[in-house]
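Next comes just one chain, in structure tokens: the form predicted alone.
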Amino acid sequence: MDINELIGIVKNIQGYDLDSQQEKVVKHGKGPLWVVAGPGSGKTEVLVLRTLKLVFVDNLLPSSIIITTFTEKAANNLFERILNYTNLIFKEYPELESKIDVHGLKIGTLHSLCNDIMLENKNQAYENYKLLDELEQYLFIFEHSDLANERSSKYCPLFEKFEYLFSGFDPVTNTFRWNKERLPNKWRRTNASIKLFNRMVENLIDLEKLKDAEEPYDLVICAYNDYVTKLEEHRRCDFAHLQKKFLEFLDTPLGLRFLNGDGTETHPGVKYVLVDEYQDTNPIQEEIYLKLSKGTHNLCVVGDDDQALYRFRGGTVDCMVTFKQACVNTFGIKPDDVTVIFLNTNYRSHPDIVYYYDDYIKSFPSMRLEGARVEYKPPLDPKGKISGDYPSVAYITGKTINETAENFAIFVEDLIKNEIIEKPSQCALLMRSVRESARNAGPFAEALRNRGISVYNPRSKNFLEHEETAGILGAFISIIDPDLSALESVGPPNIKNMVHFWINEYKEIADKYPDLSNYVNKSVESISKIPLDNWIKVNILDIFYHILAHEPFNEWRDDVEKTYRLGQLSKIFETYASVPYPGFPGSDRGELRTGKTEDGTISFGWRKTFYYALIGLLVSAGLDDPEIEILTPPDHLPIMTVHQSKGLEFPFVFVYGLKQKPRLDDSILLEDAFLNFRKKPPLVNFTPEERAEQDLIRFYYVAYSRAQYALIHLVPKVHLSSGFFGFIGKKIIDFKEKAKELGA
């Protein structure tokens, strides 16, 4: 098959031609390829077609191609598209079906691929390790890290230096900041440890430089080395260290065989590397991608610097902006050897919306600084099918947030009544925080519900208050701590209040379902007969799943949302059960033992740790509802964070919260604190204030570019003043010129 045949098949399937820039990406041969893809430009489709070109036209073994993207969901979507095209190609060319197996493609997040590749290649430095997800890392650090557990004043200089990591509201203790006359509490120290340790690895910090630095960096090294020692002792590996181990693996004989191949189909080597969402890459990931493709230079990255959102997870837009120079430095090539292709044609939105957010991103001086954006970026060119002379960019206002919310709900109701939209899910409300509180999503959700419009808000932070999650947690605690004696020893009232809420929810359910109540009571009775200091023959997972097998939990399996919440809770329990005891490799907290001083009760220390570690985490994190891998229910209007909306599009997009100014959050301050210790200094640099401003501008840009037919701002009158970054150029005059006010 040649390239024109492949493109012809695609045209027959899709009913349209690739544009000239898309075709250049698909047809590109060898060498670095830098695809700067604006919103709605078809970047995912182009990445799919480029992969098909490598397999069906260039005849490469699928197993020699690596494709990474930001989430498992995106990776699954990418592979499904590849598979669908492949099946249609096989109908045209049935002789290829026995020769090509696209399941051999290495597609996934970088984390999942690092894990799989090292296991497949039997990397001894990674054998028999348990990979920790974010929850497991938190619990491991809470239990094992010296920084989280040290009670003396040893780390006080570190606490002072990185004070911003211990500030802000603490949901566990219901306090702000921390009292410097006392040590930060264990929850604050655990969260700070995660940020410190991950950043040290992800930003490729030179530990020798750090060791030679002044106090308190020597304490950072001390805490970090203790954590790494504990990880190795218990054969655990977090996501950051997984990447570090993979980078080291690539320099071993097995790693070199993986990179270069040995002439067999089993080990074909790495021929091409394709990376999606490159704007959210961090320095260690950049190093991995460059090393994977150093022998071939066949590295293709796709992304949009204007849509970078994940600095708080360690991502840095610098990798996208400076990709050409990184290739020049690493591969020893000339700048002209890096092919740059701009996908600037927008097929998603009404032209006025495209012009609006293109003007928006350019209206700030900080975005025109050298290195803030990719050089020579052309303006977006709208060529979609959506048109019409109506206010596609507009705003709804009111005297207060409540009045604005009411006018918003009236407007949505009118859209439905006048059959402009068929269902509420064709709208989306985007915000920074979707907590249903008075200052965030609360007034909007209430106004919609009052008009009979259901709301889908999976990040409302009320996961722990749903009847199914509260009920099962109440039943579990009624078994392991029936008199709540361990709970009474816990200090923070928020933990106690939440547990009492769960107990009450369980009692209400138990009154209606006597079988569940009987199981709980019999379990308590059985435990009461076990002598001092003896193992109990069931672990916490046995108890959890026995409760789950009873009604009403069993009958709730027909409810998709309830099922997913209970599924997430079961994963949380499985995670907690797997956490080893300090100093006892191979142990786990799932096994239960009676106490040493009182017959018939589970160890007081176990119960107390359960409250402090797991329940403290649940209360602290406020757990989101799980994001169900299905579309928003058609009869619900989704309320989403801007981060959650990334990669999605909606006919009507409403954005609330334009009255914001940049914040120097801990991710920026931490990045700055380690800047002089990086093994590879950044190729561009900005002040913390400039980075904070650029991040906020990009945040709104992502929100605005989700809209297809209409972008509507929700702005209370008290927010209508210049100087805030949600408005084009921070100027209300310019904003009002672009956006038409909609009457209530």
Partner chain sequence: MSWRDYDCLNIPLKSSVQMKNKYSITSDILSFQLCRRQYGFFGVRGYQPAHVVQYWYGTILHQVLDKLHMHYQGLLDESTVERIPTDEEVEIYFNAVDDSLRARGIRAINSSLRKTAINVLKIFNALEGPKLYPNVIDTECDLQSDQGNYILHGVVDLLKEISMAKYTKDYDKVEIWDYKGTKFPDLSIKYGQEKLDRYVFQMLVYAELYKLKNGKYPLKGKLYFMNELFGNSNANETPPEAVYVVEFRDRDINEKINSALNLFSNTVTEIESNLKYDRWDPPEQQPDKETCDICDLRWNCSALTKKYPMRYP
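Under this definition, the rigid core comprises the largest set of C-alpha atoms superposing within 1.5 Å between the forms. Numbering follows the first chain given and starts at 1. All of these numbers come straight from a predicted model, not from anything done at the bench.
The same protein has a further form, the form predicted together with the partner chain, not shown here; the description that follows concerns it.
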To test your reading of this chain, name the stretch in 353-361, 228-236, 147-155, 281-289 whose heavy atoms come within 4.5 Å of the partner chain in the predicted complex.
228-236
Can you work out which of Glu127, Asp251, Asp336, Glu215 has a heavy atom no more than 4.5 Å from the partner chain in the predicted complex?
Glu127
Can you work out which of Ser433, Asn84, Asn260, Asn329 has a heavy atom no more than 4.5 Å from the partner chain in the predicted complex?
Asn84
Does each of Gln21, Asp318 and Tyr456 have at least one heavy atom within 4.5 Å of the partner chain in the predicted complex?
no
How about Glu5: is it within 4.5 Å of the partner chain in the predicted complex, going by heavy atoms?
no
Could you tell me if Val560 has a non-hydrogen atom within 4.5 Å of the partner chain in the predicted complex?
yes
Contact between His550 and the partner chain in the predicted complex at 4.5 Å, heavy atoms?
yes
So, Ile89 and the partner chain: in the predicted complex, are they within 4.5 Å at any heavy atom pair?
no
Any residue of 568-601 that, in the predicted complex, places a heavy atom within 4.5 Å of the partner chain:
Ser570, Lys571, Glu574, Pro585, Gly586, Ser587
Please determine whether the C-alpha atom of Thr563 is displaced by 2 Å or more between this form and the one not shown following superposition on the rigid core.
yes
With both forms fit on the core, is the shift of the CA atom of Phe553 between this form and the one not shown 2 Å or larger?
yes
Superpose on the rigid core, then tell me if the C-alpha of Gly583 is displaced by 2 angstroms or more between this form and the one not shown.
no
